[in-house]
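Next up: just one chain, as structure tokens, the form predicted on its own.
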């Protein structure tokens, strides 16, 4: 069971969109994929066809229910989502307090899915060094750091490279890798920043996702970019990145086909 964390020191870089599309791409290869939302905005579910009126999630009962797998929703044949949910402020604070004061709180709540055979788990985090991101640091298999092809993201790169983002290396297992989003080779600045990331990061750069108007259109229709416009540049980029992620974490095509998730369903 590989746990892949998608994070960034900066907001608005496309973490949630990439997390969702990465899940769909890995599922197309035969793996069963669960995506977990750690962001209070509760937006990840909208990428999987969950109605906006559906407020279910795990956070409101996280401190009283030991096994959070019962809150999983089925989005597709091989894709599942664990929504944050619309928790009250008191519930959210209790959740964050438990994360901060109990080092095993998250691992305990997710123990069923973290030990599920053949399941790939992708966790989507809000920007910055949030408590949940720090809590999974010890047992996550891989971190993907999302950046934009702009100077703001470029200025934050030294923080991550010098371990100032979380005060320690992001990942002690397979390490951290990077994805540069919205690269636009038609614009001088975006092109220059993209080339700098390529040279600086080398093999740590999983890929660049080209700026593509199909992406917001796919998001609006609650479909993956691969399903919405399979021949688009962004779809090609996501597919390539998913293959690299699968190779790094050791996921083989078809690993999840023989298993069924327990009691999921929208």
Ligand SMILES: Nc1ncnc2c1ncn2[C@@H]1O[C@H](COP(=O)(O)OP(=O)(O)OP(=O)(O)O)[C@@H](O)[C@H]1O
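Numbering follows the first chain given and starts at 1. Being a predicted model, the structure only gives us computed values, none of them experimental.
What comes next is about the form predicted in complex with the named molecule, which does not appear here.
Proximity of 12, 41 and 216 to the named molecule in the predicted bound form is complete: all three residues have a non-hydrogen atom within 4.5 angstroms.
Although the partner is absent from this view, residue 182 contacts the named molecule in the predicted bound form, with a non-hydrogen atom inside 4.5 angstroms.
Taking the partner from the other structure, the named molecule in the predicted bound form has no heavy atom within 4.5 Å of any heavy atom of residue 239. Residue contact with the named molecule in the predicted bound form: residue 60 places no heavy atom within 4.5 Å of it. The named molecule in the predicted bound form comes within 4.5 Å of no heavy atom belonging to residue 26. Stretch-level contact check against the named molecule in the predicted bound form with heavy atoms at 4.5 Å: of 65-73, 52-60, 204-212, 27-35, the positive one is 204-212. Residue-level contacts in the predicted bound form: of 127, 131, 118, 85, one residue has a heavy atom within 4.5 Å of the named molecule, and it is 127. No residues of 94-123 lie near the named molecule in the predicted bound form, the criterion being any heavy atom within 4.5 Å.
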